[in-house]
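Here you get one chain, nothing else, as structure tokens; it is the form predicted on its own.
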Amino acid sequence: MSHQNDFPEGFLWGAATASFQIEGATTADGRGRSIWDTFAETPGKVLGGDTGDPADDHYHRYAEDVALMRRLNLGAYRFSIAWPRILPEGSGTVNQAGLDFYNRLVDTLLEAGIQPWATLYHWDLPQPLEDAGGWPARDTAYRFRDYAQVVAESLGDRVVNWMTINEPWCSAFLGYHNGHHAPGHHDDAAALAAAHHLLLGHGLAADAIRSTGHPSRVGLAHNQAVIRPHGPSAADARSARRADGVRNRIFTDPLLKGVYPADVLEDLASISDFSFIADKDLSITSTPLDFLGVNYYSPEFVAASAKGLDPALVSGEGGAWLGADPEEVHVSQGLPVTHMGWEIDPTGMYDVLLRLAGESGGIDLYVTENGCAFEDTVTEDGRVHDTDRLDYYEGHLRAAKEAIHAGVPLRGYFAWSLLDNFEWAWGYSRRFGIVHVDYDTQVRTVKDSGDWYSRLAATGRFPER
């Protein structure tokens, strides 16, 4: 093996989590209710009736978890802050006990030599704000700005790296279009308004963070998708363009260019007149980014119609994405899949990074989520031999290395996830962690993938297997 590092000097190695997925303690110390508390308590919404309590009980076990991070040689930890812990009503009175928790977490990370990377919004909107209209309501973007200001004033003397919003596509379209995520609505016009107000909230929050005067770098985590036409036909290419518009460009163009794509506005004209876009909004959404977070898991292939296709390969029902024609479908390529049913194709990672490097004008990129769920078991030797996950990580990190060699300014990588956790509508049935969690005992066990990743993080070189 070469003695040269596979990754550049100073490349940042981290792992990521989200508040609702790991913290538990959903009623502790004045925390208010979120849309995910409500959604999880609604029969039939979450597999097995699972809720966010106790999750990984990270709220009480954070010191143990930071010690694990140090053992894994992590240089950074990406966590999210629970808005309902800070402002139980979504606005108004600040809950100091909630801020105190994140102050303790940040101090513990810094004592361990680990950079705190904070995400302000990973989907747990305070329920009172949803009751007042949620993200489809413009006011929510301004309440988000106020929340960002409170958090940045409290933590900004120690937290430099901020992500405002995690995956606005999920919040807008899974939450308000197909209802798979909280708050579980089915209103396409509302979903488009939510998408815009999430981006508006991002820009307002970025300004609020910077206004504190603390040194800061501000970005957001965007789940850019690789959309490929299933076949060579012009119809499939047209479907791929449409899907790319509502999956990617409806977010990246307002963020990076200060415009909405004309073809997307035309494609969606029957759903919305986009009158929710006010003067100067797009100058706010395109507030300059210090970096862009990239979340990538799996590519997507689309076809104009299921006609002539093997029915076993058609994975999406008609109208599979917002604004889709009823005939348009997602199509499997017959590749190996994770426990989520997501196809494994590291070339998508390379494509995503190259595309965003070109579109974002050379700003720093970080992979802020990448990982996979598999059915893990603790064997008799007390270990978790998750070879499939290890293969996934190595394949995708080799694609990231190729992207760096092609000139992509990729500065770091965060594995998703540090811990097995509450996987949204799948409850506790899907395990993404590089650390196994026994939900009955809360015992943490580092998986083989975690040991491998820790060696990579320590050396910058792919370890022997």
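Bear in mind that the values here come from a model prediction, so they are computed numbers and not experimental data. Start at 1 with the first residue shown and count on from there.
The same protein has a further form, the form predicted in complex with a small molecule, not shown here; the description that follows concerns it.
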query	finding
Interface segment, criterion being heavy atoms within 4.5 Å of the small molecule in the model of the complex, picked from 382-390, 165-173, 186-194, 250-258	165-173
Partner proximity in the model of the complex: residue 21 to the small molecule, non-hydrogen atom cutoff 4.5 Å	yes
Non-hydrogen atom contact residue 374 with the small molecule in the model of the complex at 4.5 angstroms	no
The small molecule contact at residue 122 in the model of the complex, heavy atom, 4.5 Å	yes
Contact test in the model of the complex: residue 297 vs the small molecule, heavy atoms, 4.5 Å	yes
57, 423, 50, 65 - the one with a heavy atom within 4.5 Å of the small molecule in the model of the complex	423
